[in-house]
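Starting off, we have a lone chain in the form predicted on its own, written out as structure tokens.
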């Protein structure tokens, strides 16, 4: 008699050419991820080969009940680490039946920025550091923390090892390997400053693919925490008080920044970002004011400043970039719950297309 795990892990290719495609999209809150699966007649390698699909937008906060149909457009394909074989994950964005992007479709506007010839020519690279917190399911308290109590102060937990310092490593390692399997350009993981908090990095990835990969990596993480019976939080300040918040630092460079003389281009780009500081902050995540206080490795939300190797700045330039006269910089302002379509395209639009 087969067990449930045997059936879950059935290899479909032993019996059929059919595959399962899990269509993924962003729900009405801008952070809730949704997905549903459909059977396809055979393996698929390009989004253009996939059919459009629909869903009930009134159940996701994205359409009224009297006109609830929303259409999913497949945009990016990844290998499915859960079903494996030829099965796939499909990142989609959402449109009305008339073909207009719905209001919560942030990918559509980002794609316009990234398809602009001036942006294409600059080949923008992104490396996004996604921080998150693992919470005990029924109490919304970080894993490893005593219920209703607190662990020792921050210090030993960052990149820490040991049962008294590292909480949730099995989930984190599972996520790391699942992302590599899926084809995401995940470049590393580490334990963060607050216990129960972790980070993964995606990149370098070019243009809109960086945002697609962050969304799918978030989806995989939520699926794994579902299996593990814990909750993942992308709140930028999940625990008030003397604890680090959670961000999504965005490392960025363009072709001319990576070439000789690029440091001057970097400084001009940072000046532009400073001129639009309020506009960027408004789009960099909900609740970010609870995190950007000027403490815990952040700049104050109302202050724009940059510096070399300064982790308390809005923009940090690395020592290697300063020394070599070319490279990249890090925008430390985005919150952990930022929309990567908004943040990546906004940085490109401000630094490449905008003329003050």
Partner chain sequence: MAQVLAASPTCQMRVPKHSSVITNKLWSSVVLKQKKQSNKLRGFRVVALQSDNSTINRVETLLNLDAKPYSDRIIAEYIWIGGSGIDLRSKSRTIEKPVEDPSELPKWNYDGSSTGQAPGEDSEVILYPQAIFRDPFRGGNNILVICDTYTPAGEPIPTNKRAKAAEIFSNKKVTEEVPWFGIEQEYTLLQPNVKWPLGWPVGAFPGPQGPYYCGVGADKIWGRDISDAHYKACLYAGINISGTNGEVMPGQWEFQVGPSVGIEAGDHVWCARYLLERITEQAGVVLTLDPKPIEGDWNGAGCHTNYSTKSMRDEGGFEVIKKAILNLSLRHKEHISAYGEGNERRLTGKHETASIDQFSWGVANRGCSIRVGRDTEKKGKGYLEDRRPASNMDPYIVTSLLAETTLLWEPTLEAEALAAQKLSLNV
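Every value quoted in this text rests on a predicted model; they were computed, and no experiment measured them. Residue numbers count along the first chain shown, from 1.
Beyond the structure shown, there is the form predicted together with its partner chain, which is absent from this document and is the topic of what follows.
Enquirer: If the cut-off is 4.5 angstroms on heavy atoms, which of these, 37, 301, 44, 305, is the one near its partner chain in the predicted bound form?
Expert: Filtering the options by heavy-atom distance leaves 37.
Enquirer: Name the single residue among 225, 104, 254, 244 that comes within 4.5 Å of its partner chain in the predicted bound form, judging by heavy atoms.
Expert: Residue within 4.5 Å of the partner: 225.
Enquirer: Give a yes or no on whether every one of 116, 204 and 349 sits within 4.5 angstroms of its partner chain in the predicted bound form by heavy atom.
Expert: No, none of 116, 204 and 349 comes within 4.5 Å of its partner chain in the predicted bound form.
Enquirer: Taking the partner as it appears in the predicted bound form, which of 80-88, 161-169, 182-190, 282-290 has residues with heavy atoms within 4.5 Å of its partner chain?
Expert: It is 80-88 that comes within 4.5 Å of the partner.
Enquirer: Can you tell me if residue 215 lies within 4.5 angstroms of its partner chain in the predicted bound form, counting non-hydrogen atoms only?
Expert: No, residue 215 sits far enough from its partner chain in the predicted bound form that none of its heavy atoms falls within 4.5 Å.
Enquirer: Can you tell me if residue 7 lies within 4.5 angstroms of its partner chain in the predicted bound form, counting non-hydrogen atoms only?
Expert: Within the cut-off, so yes.
Enquirer: How about residue 265: is it within 4.5 Å of its partner chain in the predicted bound form, going by heavy atoms?
Expert: Residue 265: no, not in contact with its partner chain in the predicted bound form.
Enquirer: Does at least one non-hydrogen atom of residue 65 fall within 4.5 angstroms of its partner chain in the predicted bound form?
Expert: Close contact exists here: in the predicted bound form, residue 65 approaches its partner chain to within 4.5 Å, heavy atoms only.
Enquirer: At a 4.5 angstroms cut-off on non-hydrogen atoms, which residues of 56-78 are near its partner chain in the predicted bound form? List them in order.
Expert: If the 4.5 Å heavy-atom criterion is applied to its partner chain in the predicted bound form, 56-78 yields 56, 58, 59, 60, 65, 66, 67, 68, 69.
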